[in-house]
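Next comes just one chain, in structure tokens: the form predicted on its own.
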Amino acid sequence: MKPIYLDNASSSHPKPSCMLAGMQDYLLHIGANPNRGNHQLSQRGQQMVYETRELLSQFLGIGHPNKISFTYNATYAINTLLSGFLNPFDHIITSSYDHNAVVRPLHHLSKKANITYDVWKCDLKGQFNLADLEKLLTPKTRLLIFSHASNVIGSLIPLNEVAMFARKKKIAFALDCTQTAGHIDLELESLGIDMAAGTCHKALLGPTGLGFLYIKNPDLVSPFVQGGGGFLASSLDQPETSPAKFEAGTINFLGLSALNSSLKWLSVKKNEIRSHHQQLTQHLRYELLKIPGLILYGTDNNGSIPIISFNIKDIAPSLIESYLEINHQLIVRSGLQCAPLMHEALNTLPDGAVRVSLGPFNRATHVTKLVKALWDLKSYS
């Protein structure tokens, strides 16, 4: 029996078939390294890369595609913006929603560069109070960096209010849109967001090994690494403009060709997919609430992406995950999901919770099977 995959917040699966076809097409008909030389194959590769920037910019709400640089993953992009923007003794504010991809670099910089940071904490339902954010400000606060959505409960930060707050206080604002890019049409430019980072292998339905970095003003951020890129080869200095400033070395052009195809597919299907996700998520929440002893985290009243986490009283989340896979071929994820601050806010440390994250190829029958399996587990326990 084929497993039913319900772990799309880790990496979406399956991908649309056109993704693999896009990669194969590049290998068969182009193959060359983009922007390395003036020959036609390299130039065709460069055109594909630029087209992919344009496609991605439409999902991110960015009018200048060249302000998007491609990286190896979201973590690399986040490290680039933190290391390249912050100065010793700066103060940063992050949030309960943030992943270790943000928190670990901040912790490292607190030891190595004397930066300090505080956490804007949410309540037990995953909701925030802007008054609590203002209390964390200090004269040295230079950056707010928040995940747009929790990868544990799927809820969203109040993005418009935070962006307005940052502009009013004249503090830079960086957004980690790893979980929301593809699920939600973002408006980074109109909101005045200064920096953003994300990945391409989740809701954007691309391959692994690809992330993106948006920097509104590239002059304010130093590159994380330096090297070749096909631009200004006579100079020993890294180019100072985006995207080349943050794209040292050969980029993942095969991955970009695959992403190009996925983004075209997603552009056509996105409204249908989002409606499908909303219906499945609401149906799953409704059915889970019927199970005695099941604790559902977060709320569905402030907008969300298709992620639900829960626990069942007196059953360890790791045991629930194992039971679902071994007995029913249902693939979910238990534990802390690399988000200990969120689990601290939910009082679910140290074991975490069971997370179900839906994708475009999940069906109502998958939800029905999951709910039935959980009822069966309850009857055994």
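These figures come from a predicted structure and were not determined experimentally. When you see a residue number, it is the position in the sequence shown, counting from 1.
This protein has a second form, the form predicted together with a small molecule, left out of what is shown; the following refers to that one.
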Next item on the list: Tell me, yes or no, whether His201 is in contact with the small molecule in the predicted complex, where a contact means a heavy atom of each within 4.5 Å.
Entry: yes
Next item on the list: Consider Ala9 of the chain shown here, and say whether it contacts the small molecule in the predicted complex, taking contact as heavy atoms within 4.5 Å.
Entry: yes
Check: Does Thr75 reach the small molecule in the predicted complex, with heavy atoms at most 4.5 Å apart?
Finding: yes
Next item on the list: Answer with yes or no whether Thr178 is in contact with the small molecule in the predicted complex, where contact means some heavy atom within 4.5 Å.
Entry: yes
Next item on the list: Report the residue, out of Thr80, Ser95, Asn151, Ser257, that has at least one non-hydrogen atom within 4.5 angstroms of the small molecule in the predicted complex.
Entry: Asn151
Margin query: Which residue, Ala101, Ala174, Leu280, Val221, is the contact with the small molecule in the predicted complex, using a 4.5 Å heavy atom cutoff?
Written below: Ala101
Next item on the list: Heavy atoms, 4.5 Å, the small molecule in the predicted complex: which of 249-257, 153-161, 267-275, 67-75 makes the cut? Say which one.
Entry: 67-75
